[in-house]
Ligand code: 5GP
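What follows is a single chain, given as structure tokens, in the form predicted on its own.
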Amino acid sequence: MISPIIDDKVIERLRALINGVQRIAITCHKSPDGDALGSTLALCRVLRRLGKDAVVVTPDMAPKSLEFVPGVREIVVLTKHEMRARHVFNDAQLIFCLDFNSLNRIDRLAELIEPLKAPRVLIDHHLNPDDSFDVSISFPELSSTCELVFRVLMQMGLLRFLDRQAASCLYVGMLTDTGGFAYSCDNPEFYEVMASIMRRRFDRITLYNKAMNTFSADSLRLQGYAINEKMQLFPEQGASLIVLDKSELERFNYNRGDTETLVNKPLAIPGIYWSVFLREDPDKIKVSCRSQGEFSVNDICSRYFNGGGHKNAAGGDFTGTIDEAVQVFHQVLADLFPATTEQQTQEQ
């Protein structure tokens, strides 16, 4: 049985907000991943089946690797259709904020939302949400925002409106945010939620292959190059580091999403239990971290890389050069493993 973890008063307030409006805007963090897209599109689908005028607006484009998610082509993208995005928010009577814990995670969309009087509802599973929301539904212990959206719908008695398309969206988000059910899914209720979603009889195998096993030729070549030429191992600290700069990304015709699973690869090596990937983007260094067991990469990302996330999956945005980001990684090694790092330095 799936436990009702959300306070009944919060559910009743949310029910009143939805029942009292017609026009609803839904948004997520910039560079939307599977969980961000899956949760927003599933919620949008259910709200439309309720008779609401619901629209998903994202700060920027979804990666090409996720264009298969049902409903993704209906999204209003700020960077492509700014006037349309502004109209949606100015006209909205209610705003859902999914898969982010602070308005600074939505880039320029924050400028549109902050002055508005429409109530904001947060549904998210990241740590430490701020006070920018009128209703806050935050459960960092859950696998994904998609799982939390399912639980919200369940407690509101709206699962009858969760059709095959909406269920497909939730499945993609839960699948990708757990690395193909590899982490953040130890709670047995996760699988009860998944079982309920799968009763909508969508094509699970096709979705799994598109989400986890489909890559462009350039993406495969880039990942092969990264593993063969750029992967550094630190066995004494159980760590791995992969660094890709702008010239290397350009060499392999990089598109956003091409390196989505790269940070997970070194964890297949016995003795390596945490992995760091640094990618040089035009305006920042993107940091991705994964780990196994009790080793928390959330602590590393929040302390060193202006980010955060979950125990086994976290990330951040580093402001500086790629060389400076590498230096910070080595500082992490020195801080966490002072004895082994000092010994390695002496041996070199």
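Counting begins at 1, following the sequence as shown. Keep in mind it's a predicted model, so treat the numbers as computed, not measured.
One more form of this protein, predicted together with ligand 5GP, exists but is not displayed; see below.
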property	result
Contact residue in the predicted complex, chosen from 281, 53, 67, 317 - any heavy atom within 4.5 Å of ligand 5GP	317
Listed residue (120, 256, 105, 265) with a non-hydrogen atom within 4.5 angstroms of ligand 5GP in the predicted complex	105
Distance check, residue 45 to ligand 5GP in the predicted complex, heavy atom within 4.5 Å	no
Ligand 5GP contact at residue 126 in the predicted complex, heavy atom, 4.5 Å	yes
Heavy atom of residue 260 within 4.5 Å of ligand 5GP in the predicted complex	yes
4.5 Å heavy atom contact, residue 309 and ligand 5GP in the predicted complex	yes
Residue stretch of 288 to 296, 319 to 327, 37 to 45, 57 to 65 approaching ligand 5GP in the predicted complex, non-hydrogen atom distance within 4.5 Å	288 to 296
Ligand 5GP in the predicted complex - contacting residues of 129 to 162, heavy atom within 4.5 Å	none
